[in-house]
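There is one chain below, alone, in structure tokens, taken in the form predicted on its own.
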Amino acid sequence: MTVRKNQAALTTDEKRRFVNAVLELKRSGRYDEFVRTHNAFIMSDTDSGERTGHRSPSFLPWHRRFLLDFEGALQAVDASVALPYWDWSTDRTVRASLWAPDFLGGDGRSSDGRVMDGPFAASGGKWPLGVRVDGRTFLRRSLGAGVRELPTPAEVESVLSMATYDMAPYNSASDGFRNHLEGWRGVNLHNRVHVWVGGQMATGVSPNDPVFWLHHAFVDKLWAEWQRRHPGVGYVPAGGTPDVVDLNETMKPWNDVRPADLLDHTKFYTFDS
């Protein structure tokens, strides 16, 4: 059984294996397929039309399947690798261990956001950006520039305490746990982290920055924690809702998996705590 660990607890060897597997997916072209898929759904998911990966109840199961596919691709390279998660409510500064040169590398330079160190820096030649929103082919970050503070433990707790998964109109205007976690309302958790990292993370091609996977692994962990706290509250809508994915409807782009199939993460992996 795969165990997803807090990135702060990874050993030097675990970091190296994760980085090497990510770089191999990039070299083979497989990595850019994930970037392309995510960007396609960011662009097509709208509040007033069909929405699957974002702005909708299926935000959480969609990304759970997306992460499972990526984790499976990593494990096809190195079976020992699991997706780590970044608890951004605790590791809240530019000095956190994930930004070290031996892992994800650090902030971008002030002139253009270009990441200058670590395995994904352009100078290493192993991380050219082929799926992008502009002509710049290098990884960019601007940590803390777009928004100053990452979410706090108290803000996370306020969202975990919400007793409703989602509600009409099932978009970015909805109340409930999903939308407050996604960040369109309330204290803004998930969306705020994307903006705090900046660079490609603040765009539809956010998986160009490998921190995307650690961020979403923690979002996924928060969903699991919310489910543990609210065992009597299920995924909604159950059926008959236009433009969103009901409990037993299949999700694009796979068309073979339903939110109902992804509610129990323990069929696939566990967390270290």
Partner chain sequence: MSDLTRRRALTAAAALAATAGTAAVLAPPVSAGTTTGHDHGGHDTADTFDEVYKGRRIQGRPAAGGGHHHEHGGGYEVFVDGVRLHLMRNADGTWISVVTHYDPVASPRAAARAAVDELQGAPLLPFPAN
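Residue numbers count along the first chain shown, from 1. These figures come from a predicted structure and were not determined experimentally.
Form predicted in complex with the partner chain: not shown, discussed below.
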Quiz prompt | Contact residue in the predicted bound form, chosen from A100, A168, A163, V133 - any heavy atom within 4.5 Å of the partner chain | solution = V133
Practice problem: Could you work out which of L150, V156, A202, L143 is the residue within 4.5 angstroms of the partner chain in the predicted bound form, going by heavy atoms? | Solution: A202
Quiz item: For the spot marked by A96, D117 and H180, is every residue within 4.5 Å of the partner chain in the predicted bound form through some heavy atom?
Solution: no
Quiz item: Since the chain is shown here on its own, which stretch among 24-32, 223-231, 204-212, 64-72 would lie within 4.5 Å of the partner chain in the predicted bound form, judged by heavy atoms?
Solution: 204-212
Quiz item: Using 4.5 Å between non-hydrogen atoms, is V77 touching the partner chain in the predicted bound form?
Solution: no
Quiz item: Wondering, does R51 line up within 4.5 Å of the partner chain in the predicted bound form on heavy atoms?
Solution: no
Practice problem: Give a yes or no for D175: in the predicted bound form, does one of its heavy atoms lie within 4.5 Å of a heavy atom belonging to the partner chain? | Solution: no
Self-check item: D246 within 4.5 Å of the partner chain in the predicted bound form, heavy atoms
Solution: no
Quiz item: Listed by sequence position, which residues of 25-46 have a non-hydrogen atom within 4.5 angstroms of the partner chain in the predicted bound form?
Solution: H38, N39, I42, M43, S44, D45, T46
